[in-house]
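Before any questions on how it binds or moves, here is one chain, the form predicted on its own, in C-alpha cells.
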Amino acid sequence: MLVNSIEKGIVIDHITAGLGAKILEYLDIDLANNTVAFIMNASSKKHGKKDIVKIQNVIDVNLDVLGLIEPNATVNIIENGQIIKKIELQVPERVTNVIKCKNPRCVTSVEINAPHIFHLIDAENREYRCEYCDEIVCMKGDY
C-alpha cells in the first residue's frame, strides 16, 4: 500500500489500533473538503499495531480532544513536506463541549445553550466529573 506524504497538514501517529476512527469522529473534520488518509492496524515496533491519520491542509485541531481519547499519540505538524513540530499529548485538565453529560437531570440536558464542562479527577483512568451535576464519565476505553 502506498500513501503519499503530505506537503502541509498534520500526521497523528502512534494511535492505539482501533481508536483512529473515534479520533476522526471527535475531531469533527470536514471529510468532504479535506484529504484524509486513515491507516488502520499498521505495523508498529513499539506497540505491535497502530492507527495513523494524515490530514492535508489542516493544522489547527483540538489537542484536548486528542489528549482525551489517546494521550499516547503524537501529532506531527508538516509544512513543505517536513516535520516542523512534534507535539506530545497530555490528558487535559478541563474539557468543554467534547463530552456530553448523560445525566437526564443535569442542567445541560434542559438548557440547550449550557456548555458541557468536565474536570479531570483521575488522569490514569481519564475520569471526568461534570461541573454541574457531578456525573462521572470515564474516557479510557469507553466513549
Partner chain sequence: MLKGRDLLEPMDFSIKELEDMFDLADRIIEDPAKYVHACDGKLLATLFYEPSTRTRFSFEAAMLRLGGQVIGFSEPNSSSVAKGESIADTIKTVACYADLAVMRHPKEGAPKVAAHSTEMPVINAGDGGHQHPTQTLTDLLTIRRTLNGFDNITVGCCGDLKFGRTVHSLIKALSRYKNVKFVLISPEELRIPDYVRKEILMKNGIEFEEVRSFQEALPKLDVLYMTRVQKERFFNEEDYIRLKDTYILDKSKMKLAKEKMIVLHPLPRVNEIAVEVDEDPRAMYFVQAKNGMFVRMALIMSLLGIEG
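Residue numbers count along the first chain shown, from 1. On a predicted model such as this, the values are computed, not experimentally measured, just so you know.
Beyond what is shown, the protein has a form predicted in complex with its partner chain; the following relates to that form.
No residue in the set L19, I23 and K50 has a non-hydrogen atom no more than 4.5 Å from its partner chain in the predicted complex.
Partner contacts here mean any heavy atom within 4.5 Å of its partner chain in the predicted complex, and among 76 to 84, 57 to 65, 99 to 107, 24 to 32 they occur only in 99 to 107. Taking the partner from the other structure, its partner chain in the predicted complex has no heavy atom within 4.5 Å of any heavy atom of E93.
Among heavy atoms of D13, none comes within 4.5 Å of its partner chain in the predicted complex. Contact check for I121: a non-hydrogen atom falls within 4.5 Å of its partner chain in the predicted complex. Proximity of A42 to its partner chain in the predicted complex falls outside the 4.5 Å heavy atom cutoff. Taking its partner chain as it sits in the predicted complex, the stretch 108 to 136 comes within 4.5 angstroms of it through a non-hydrogen atom at S109, V110, E111, A114, I121, E127, R129, E131, Y132, C133, D134, I136.
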